[in-house]
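Next up is one chain by itself, shown in structure tokens, the form predicted alone.
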């Protein structure tokens, strides 16, 4: 997505008009909604439902582009073999996506656009408009700064919203975003709005306490496959796959058919999978490339460190979800620190 030099400003009522405009244009709008002590991307119809100061949602917006479970198509054996076409996905607007998740979506885009392209993901992506949101705060588990994925972002959005204190700065990131902002009649923003945004970002950068620098980490991890940290950490790991479920960049999935009792019709299903699960690397006759738990944990972390799959399609964006939602309190930044000689 290309950037645009024209900047706009608005207030909370203007953001509400933006949401109403999207809904009247046929979009189903999702935004970060607080329930209890956590946030979730849920369908919204007003900015009043949205927490613009949230830190992270439990599941990333990936769940709307690469769902945990989806029916790919139905099939039937009659006079011939019939396959039903999957309907065109609804138009979706993601409202309030943080920089780390924007970067994760870009990595998913890159992966699913490789030959052969994934028609299901790309169909949803083409029908998705993304409105980013600059963070207003970070917590002790955020480390996007050291990954180069936040808190600043310049790509991956159609519109970027920044709370600058006395209003909201709106930056178009695509022709579609620019057209939408112009259609709402927002006023152009002066340089003071951009200066206020930069001041916010500089203050945010000082707030980070957790770090996991990318430089040299992939090569280091691959050279230390026998380091004791893998087995020591695996002794705590439950191999539950929760880290994969909440990770915004994990893309692995399984595909299987569900047959009706007549054995003449059924559905093909795609479901998220995790390399942390024992069955993931199992092959014919019970062979398994990663039977031991430490091997599975090591493989997952190597992917996050950028050492798996050529380091191109996955790895970590520093959102902190795997740390927050790990039932065994495993912290991959601490593992990285051990590998670097920090303990």
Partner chain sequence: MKLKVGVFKFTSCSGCQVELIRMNEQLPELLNLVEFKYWAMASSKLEDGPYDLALVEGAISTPECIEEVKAIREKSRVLVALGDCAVTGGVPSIRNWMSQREAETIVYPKPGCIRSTRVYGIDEYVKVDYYLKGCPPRLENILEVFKAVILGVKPRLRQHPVCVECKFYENECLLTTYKQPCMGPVTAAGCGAICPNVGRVCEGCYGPMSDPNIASMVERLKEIGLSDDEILRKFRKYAGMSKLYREVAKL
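No experiment lies behind these values; they were computed from the predicted model shown. Residue numbers count along the first chain shown, from 1.
Below, we turn to the form predicted in complex with the partner chain, even though it does not appear here.
| request: Look at the candidate spot formed by 50, 72 and 111 and say whether the partner chain comes within 4.5 Å of a heavy atom in all three of them in the predicted complex. | output: Verified in the predicted complex; spot residues all out of contact, no.
| task | Find the only residue in 28, 281, 55, 59 having a heavy atom within 4.5 Å of the partner chain in the predicted complex. | result | Contact residue from the list: 59.
| query | Taking the shortest heavy atom distance, is residue 256 within 4.5 Å of the partner chain in the predicted complex? | reply | Taking the distances in the predicted complex, the answer for residue 256 is yes, it comes within 4.5 Å of the partner chain.
| said: Considering non-hydrogen atoms and a 4.5 Å limit, does the partner chain approach residue 242 in the predicted complex? | reply: So residue 242 counts as contacting the partner chain.
| task | Decide whether residue 219 counts as a contact residue for the partner chain in the predicted complex under a heavy atom distance cut-off of 4.5 Å. | result | Contact with the partner chain, no.
| Taking the shortest heavy atom distance, is residue 237 within 4.5 Å of the partner chain in the predicted complex? | Close contact exists here: in the predicted complex, residue 237 approaches the partner chain to within 4.5 Å, heavy atoms only.
| the partner chain isn't shown here, but in the predicted complex, which of 141-149, 204-212, 268-276, 191-199 has heavy atoms within 4.5 Å of it? | Contact-bearing stretch, as computed: 268-276.
| For 156-190: residues with a non-hydrogen atom within 4.5 angstroms of the partner chain in the predicted complex? | If the 4.5 Å heavy-atom criterion is applied to the partner chain in the predicted complex, 156-190 yields nothing.
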